[in-house]
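Here we start with a single chain on its own, the form predicted on its own, put down as structure tokens.
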């Protein structure tokens, strides 16, 4: 074994694997990429207003319809027709930026403005690793991914349903998921949205953790309200929306759009429809509780028109993302989109290419809340252990990328340039030594060695290195401290609710 390899491994052994680096939530210091000029963006806005006023959005829940009518919206046969002036009035009531609480205050996050937040994959019923292959997700898998998200300095949020724990009953698994977020991480987390009752349970657990008054000042929950495109909000999502907004907890209003099936095949038509759907949901939220934090959400991809399968990483989706980001900025709202999307079933070249194609526009478009930032496989049907830690390597690169260029005197480094003679080198200058550890991002799971050294060390692929890494992280994980009184109160509430739900 070479001395260089011995020294490198010794340095790695000296770093505690469970230490969570205090790397801050990144600020977008780069120019924001605007795809179109104002006149083109206004055409989409005006098309959305026509959809809202002439074609309408279905609200399939009686109380929501009553709230809309009370505030001047025309509702006929479950379809709501909005005056554009009313939309603009109520959308303007939503804050452009807000803070979400974490149980460790040092991990509170800001959503909106120039701030970017990376959160894990959400919703897969399956998991994948190269040892066991594809299988149904369990509560143990859910907890593993919470731990991995906690340990990554580049994931700022614990997420929500990182995977579906299929070994838990559907009616009560939300209780175990929220408790796992609280127990195994101290980062912010998301609430459940399967029903109004489940949303209420999540609010109660947040109140136990933070206090009732505290979460009315700043939200402790950020929850995903999906619109069933085209142009439809169902009763379950509306019930959850009402619970969260009345408790002043943040919601992400997000249409789920597969262009060609749930919207037109054209980019402009898709964005116009999606924008109308989002604005309708945000308007209802502000009618229920003006000033409640909301996030403009967009989940959009295309389908293969030959097979009907979803396609991830396609260029049309990225054009739509840029347009929705511009619209969110036009309305002064935080924006959610993006992710490490791929249709690949394993951690391979397709997975890497599609993920980069999906993620870079999200960064360049200044998406504020990027869900599915790590772990996504198989079109969202699976969460990959190796994919998760490899995605985190890319998130580290994006953190560095978002810092932009240092134009200070130290950044221009003229003293270092003067100190090196023509034909010399900068390897030993005072400037290089001072910035030795921070000048360049170095991905631990990528190989920079010679072919000979790579062969000598086992010729491991990136996925094989990631397999070793995630196991190492989980083996050395230590949970963040949790107040025993709060933990006991949460466990008592969970036991009580399970008994009530079982009886019902």
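Positions refer to the first chain, counted from 1. Values in this document were obtained by computation on a predicted structure and should not be read as measured data.
Omitted here: the form predicted together with a further copy of the same chain. The next part is about that form.
Heavy atom within 4.5 Å of a further copy of the same chain in the model of the complex: which of 260, 153, 332, 125 fits that? Just give me the one. Only one listed residue qualifies here, and that residue is 260.
Which of 166, 350, 104, 204 has a heavy atom within 4.5 Å of a further copy of the same chain in the model of the complex? None of the others qualify; the residue that does is 350.
Examine residue 185 and determine whether its closest non-hydrogen atom to a further copy of the same chain in the model of the complex is within 4.5 angstroms. No, residue 185 sits far enough from a further copy of the same chain in the model of the complex that none of its heavy atoms falls within 4.5 Å.
Within a 4.5 Å heavy atom cut-off, is residue 394 in contact with a further copy of the same chain in the model of the complex? Yes.
Might residue 278 be said to contact a further copy of the same chain in the model of the complex, defining contact as any heavy atom within 4.5 Å? No, residue 278 is distant from the partner.
Heavy atom to heavy atom, is residue 63 within 4.5 Å of a further copy of the same chain in the model of the complex? No, residue 63 stays farther than 4.5 Å from a further copy of the same chain in the model of the complex.
Name the stretch: of 173-181, 224-232, 104-112, 195-203, exactly one has residues whose heavy atoms fall within 4.5 Å of a further copy of the same chain in the model of the complex. Selected range: 224-232.
Taking a heavy atom within 4.5 Å as contact, would all three of 143, 293 and 498 count as contacting a further copy of the same chain in the model of the complex? No, because 143, 293 and 498 lack any heavy atom that approaches a further copy of the same chain to within 4.5 Å in the model of the complex.
What residues, if any, in 48-85 have a non-hydrogen atom within 4.5 angstroms of a further copy of the same chain in the model of the complex? Those in contact are 50, 51, 54, 55, 58, 79.
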